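Before any questions on binding or motion, here is one chain by itself as structure tokens, the form predicted on its own.
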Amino acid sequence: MIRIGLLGSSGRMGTLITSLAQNEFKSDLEIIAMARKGDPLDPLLSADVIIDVSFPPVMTQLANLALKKGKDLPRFVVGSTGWSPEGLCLLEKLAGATPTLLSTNFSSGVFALSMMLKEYAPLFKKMGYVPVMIEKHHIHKKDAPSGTARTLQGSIDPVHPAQVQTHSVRAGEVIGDHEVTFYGAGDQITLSHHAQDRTIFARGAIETARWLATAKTSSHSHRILGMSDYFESLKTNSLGVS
């Protein structure tokens, strides 16, 4: 039985993860500790793997606690977005102490979109196409562009991701839409992902945590892992890093 710690349990994602853990995944994992805003964080460190769906300042506190403890650490699946360069440096230190995966989106469909953009965006650029992204989320979302949009920007242009023209829409209760259109002189090419159910993100976070909790780590390179490592491991039955 995999022991899960959940940081950000009272949010939308946290609520869904809790429900899935108590129903769909109850045969092989259990949530042994949860933390909402203002709750003590130390109990989370007794888990096998921690899923973070909070905010960087809160995850930063937990990372510092873990680094202070220094041994017998849980593994971390970090889903909070909006990390500063300084915050990412802290996560790199955490990754040096225990396997740590960071992702802006746990949907396999979004990962597939990212991989397609990585492969074809350079070709489209050579052909004269200009990429424009439109990302839509509910009115409660605080960051813009979304973390997923930033990831996709990096897939389109790894050198200058912020230069990819991106428009953010915050309206209604949109779960998450990301559409990239490559504009040519006489035509357009569009690649998109439209989330219809938030459960896909919660289920993806749990499946990623379940993998990370049991993954072999003899080849762990002390870097922050990503969804590409998870998907690669599905092929190789290993951690997927060298």
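Because the structure is a prediction, the values reported are computed rather than measured. The numbering used is simple: start at 1 and walk along the sequence shown.
Not pictured, yet referred to below: the form predicted together with a small molecule.
- Against the small molecule in the predicted bound form, the set Leu7, Met13 and Phe201 is in full contact: each member has a heavy atom within 4.5 Å.
- Although the partner is absent from this view, Trp211 stays clear of the small molecule in the predicted bound form, with no non-hydrogen atom inside 4.5 angstroms.
- Although the partner is absent here, Asp143 lies within 4.5 Å of the small molecule in the predicted bound form, judged by heavy atoms.
- In the predicted bound form, at least one heavy atom of Asn105 sits within 4.5 Å of a heavy atom of the small molecule.
- In the predicted bound form, Thr166 stays away from the small molecule, with no heavy atom inside 4.5 Å.
- Checked against the small molecule in the predicted bound form, the residues Lys37, Lys69, Lys216, Lys26 give one hit for a heavy atom within 4.5 Å, which is Lys37.
- This chain lacks the partner; the member of Ser80, Gln153, Thr98, Ser114 within 4.5 angstroms of the small molecule in the predicted bound form by a non-hydrogen atom is Ser80.
- You can rule out all but one of 86 to 94, 154 to 162, 127 to 135, 72 to 80: in the predicted bound form, only 72 to 80 has residues with a heavy atom within 4.5 Å of the small molecule.
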